[in-house]
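Only one chain is included here, represented as structure tokens and corresponding to the form predicted alone.
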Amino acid sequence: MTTLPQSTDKKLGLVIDLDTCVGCHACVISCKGWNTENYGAPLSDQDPYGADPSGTFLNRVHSYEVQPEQGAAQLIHFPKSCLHCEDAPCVTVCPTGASYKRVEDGIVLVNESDCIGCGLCAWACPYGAREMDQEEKVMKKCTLCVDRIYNENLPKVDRVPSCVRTCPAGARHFGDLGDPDSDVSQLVLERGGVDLMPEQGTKPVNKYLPPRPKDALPEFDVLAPFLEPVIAEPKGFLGWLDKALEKI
């Protein structure tokens, strides 16, 4: 079994703003594209244009209707990928050492040449963040685009995960969550960022920013403007005509 490091030099991860995410799936598409063309084995698809298509995705967006205690129901878009947990159960169950957590930045990766496709890591992950590639028969997961963030051949603005760079709403943020002074740590502090399923004890590095309370609109009858008279008493020519007609 693989052992976890006692500590890591950094805790690189994502902060996802559930109040800003619009569910456009741009992060899903960019993740699929980058990880198919670059790091590791391509992400395969099975029968993509058939009646029962399936494929390997490292990032997915789920949408839920949520009913707050007050106000109207809200549609919440919930992106989910590997959370790069500090106490990652997917690492400790791996029988070959293929799954491991890096000391230098805390990123959880899979050495695909050592993966035997047993699926134990997927079974151990409480978030369903690992996927077996049906063509390559190896386990795939979010790498935080490790081949982008350290690539000095890219402009500095592009040295972030593909999903972060692509998000049109600015709902995804990347940085060192082990540094209390980093932008992402300050964002978590200001907005009350939370762990996903903290009861699992995995201590995920990725954080979620909860939706902000929505403004409550005053109750009104949508037909009221059409039911009320335009003016209480007609004036001018219409007023004279109205009085004249009353005498007929």
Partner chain sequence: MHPAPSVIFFSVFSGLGFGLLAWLGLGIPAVTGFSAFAFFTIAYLLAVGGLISSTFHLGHPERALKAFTQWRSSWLSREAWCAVAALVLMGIYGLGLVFFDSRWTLVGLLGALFSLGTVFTTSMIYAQLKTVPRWHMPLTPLNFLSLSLAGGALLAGQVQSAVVLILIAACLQIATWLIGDKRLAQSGTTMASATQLGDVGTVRAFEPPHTGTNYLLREFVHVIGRKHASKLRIIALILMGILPIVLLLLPFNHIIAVIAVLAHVAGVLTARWLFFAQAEHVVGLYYGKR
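Fair warning: this is a prediction, and the values are worked out from it, not measured in the lab. Numbering follows the first chain given and starts at 1.
What follows is about the form predicted in complex with the partner chain, which we do not show.
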(request) Counting non-hydrogen atoms within 4.5 angstroms of the partner chain in the model of the complex, say which of 94, 109, 160, 177 makes the cut. (result) 94
(message) in the model of the complex, does residue 150 come within 4.5 Å of the partner chain, counting heavy atoms only?
(response) no
(request) May I ask you to check whether residue 105 falls inside a 4.5 Å heavy atom distance of the partner chain in the model of the complex? (result) no
(request) Tell me, yes or no, whether residue 86 is in contact with the partner chain in the model of the complex, where a contact means a heavy atom of each within 4.5 Å. (result) no
(request) Verify the contact flag for residue 66: yes if a non-hydrogen atom of it lies within 4.5 Å of a non-hydrogen atom of the partner chain in the model of the complex, no if not. (result) yes
(message) Only counting heavy atoms and a 4.5 Å limit, does any residue of 96-123 reach the partner chain in the model of the complex, and if so which ones?
(response) 96, 97, 112, 113, 114, 115, 116, 117, 118, 119, 120, 122, 123
